[in-house]
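Only one chain is shown below, in structure tokens, and it's the form predicted alone.
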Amino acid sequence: MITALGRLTALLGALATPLHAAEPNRGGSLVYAYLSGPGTLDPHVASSLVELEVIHHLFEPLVAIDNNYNARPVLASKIETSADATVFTFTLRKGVKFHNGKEMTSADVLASFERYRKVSPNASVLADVDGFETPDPYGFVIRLKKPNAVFVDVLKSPVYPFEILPAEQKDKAAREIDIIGTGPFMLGEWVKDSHLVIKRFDGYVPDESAPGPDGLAGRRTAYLDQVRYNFVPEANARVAALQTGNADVIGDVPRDLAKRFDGQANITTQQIFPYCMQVFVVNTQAAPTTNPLVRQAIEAVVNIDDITGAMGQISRPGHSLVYASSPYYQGDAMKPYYDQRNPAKAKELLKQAGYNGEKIVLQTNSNYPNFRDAILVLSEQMKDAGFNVAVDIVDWTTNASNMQRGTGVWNVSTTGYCSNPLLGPQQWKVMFYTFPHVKDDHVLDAAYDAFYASLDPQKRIAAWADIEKRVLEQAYMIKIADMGTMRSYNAAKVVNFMPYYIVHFWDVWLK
């Protein structure tokens, strides 16, 4: 769900040149009050931020995003692309160890990619792979059937990340792997619905060619002995934990609750903006939202000011699925689909659709108040236009799983995408198909084929215009707003906790 560094706050601008207040200390345990427990730590099937925040400490890919969201080698030391963008050759770093002590080689990379093709919801991005080759223990080659000018950008995805697992995990089913990676931390304890602990991996082999950490890449150093993630769904409880010393860092601080820290000099609050985009997701495989006219009627009733006003988060209105600084931004072209506030149009569309009061289930969760409140306001807007609406509130893990798998009973839900609007079309593709469960849309298929096949950047921009229009016109997703987030930490204790869209604790230490 991520690059638009120029639009980030001045605080986030400090990412490029972090100021170290002192020489790092090694040791200690940091407590992070965390919104929710992960549903899985299997990176090949993970897309929720609560899962990815942990996963990127434990596992590493060949390439990852840097501070500016560009692709940077991690387990690869060199990447070569053929002139026709069909052959990609990766040279691996030597001496990298898994948490079980085994050295990573091309056999592990091959096994990881082969497993990814079998279990990942994102496996379609490898559909054009003609073959993998391992010419030697430190060489890995990917051959494509046709050109893909953005293939390395596809592999840098922090969502459904292409993390490298030991080859012995190759045949493990989704969500059933042993949690063994090459990251700077390793899994300690995981008590579902309570807490999770990661411990420093003393055998970690950092990328010595980099001067320091760089987003999810670079030379990463674990100073802390361990990080304990306490799952604290209630925002008031997270704020209280920081104030009483029961947490050192807390995430997802609502705008109003952040005021409680006024006058507390030891507590620093970060604003990260843009952070994610929040959208309504409309299920295309559950009646009556199988009918595009019904989906468009829902899109027509949306009043953004009322929704964002209720959400309690920092946000900005925005009609596009990429940020204005992106080369793929289409100006005002997508405005007709945004913030329409038109219940009369919705009623006419429902009449054309033959809608006869069938129930439409709006599913949300109790963990993210901004998701819950957006759905509650939408339900009232839909009722005013004549929809028969039922709201179903579940936990986030269930809500996210239902959206990804198409399970449960729901027509509309909401979620935030973080890396996708920052990284652009290749990052959005799986989300556009997976969450609304889009099938047999040949217009969307053709536009994406054109995007990947073209070596001309201008033709890729034109293809994205067709893609974005199709997604919004068909109301597969309905844009709500560009969201920021707030995190707070005890600055009297925690050093070098840098703002980034994914919380991370490498190169963080305690005084």
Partner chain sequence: MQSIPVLLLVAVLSFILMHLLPGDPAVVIAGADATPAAVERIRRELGLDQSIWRQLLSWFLNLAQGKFGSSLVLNQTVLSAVGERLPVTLSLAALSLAITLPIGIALGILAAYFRSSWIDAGVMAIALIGVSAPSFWIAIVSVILFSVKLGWVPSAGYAPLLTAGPGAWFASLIQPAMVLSLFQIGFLARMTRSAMLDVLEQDFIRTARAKGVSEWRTVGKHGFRNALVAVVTVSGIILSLLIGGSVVVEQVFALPGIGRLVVQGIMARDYPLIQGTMLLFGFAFVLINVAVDIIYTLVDPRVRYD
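It should be emphasised that the depicted structure is a prediction, and the values quoted were computed from it without experimental measurement. Positions refer to the first chain, counted from 1.
What follows is about the form predicted in complex with the partner chain, which we do not show.
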{"item": "Candidate spot Glu234, Ala240 and Thr398, all three touching the partner chain in the predicted bound form (heavy atom, 4.5 Å)", "value": "yes"}
{"item": "Segment that reaches the partner chain in the predicted bound form - one of 186-194, 273-281, 342-350, 135-143, heavy atoms within 4.5 Å", "value": "186-194"}
{"item": "Interface membership of Gln381, the partner chain in the predicted bound form, 4.5 Å heavy atom rule", "value": "no"}
{"item": "Distance check, Ser47 to the partner chain in the predicted bound form, heavy atom within 4.5 Å", "value": "yes"}
{"item": "Proximity of Tyr329 to the partner chain in the predicted bound form, heavy atoms at 4.5 Å", "value": "no"}
{"item": "Contact flag, Lys102 vs the partner chain in the predicted bound form, heavy atom cut 4.5 Å", "value": "no"}
{"item": "Position in contact with the partner chain when the complex is considered in the predicted bound form, options Ser82, Asn246, Ser77, Asn388, heavy atoms within 4.5 Å", "value": "Asn246"}
{"item": "Heavy atom within 4.5 Å of the partner chain in the predicted bound form - residue from Gln426, Asn367, Ser112, Asn148", "value": "Asn367"}
{"item": "Contacts with the partner chain in the predicted bound form - residues in 399-434 whose heavy atoms fall within 4.5 Å", "value": "Ala400, Ser401, Gln404, Arg405, Ser419, Asn420, Val430, Met431, Thr434"}
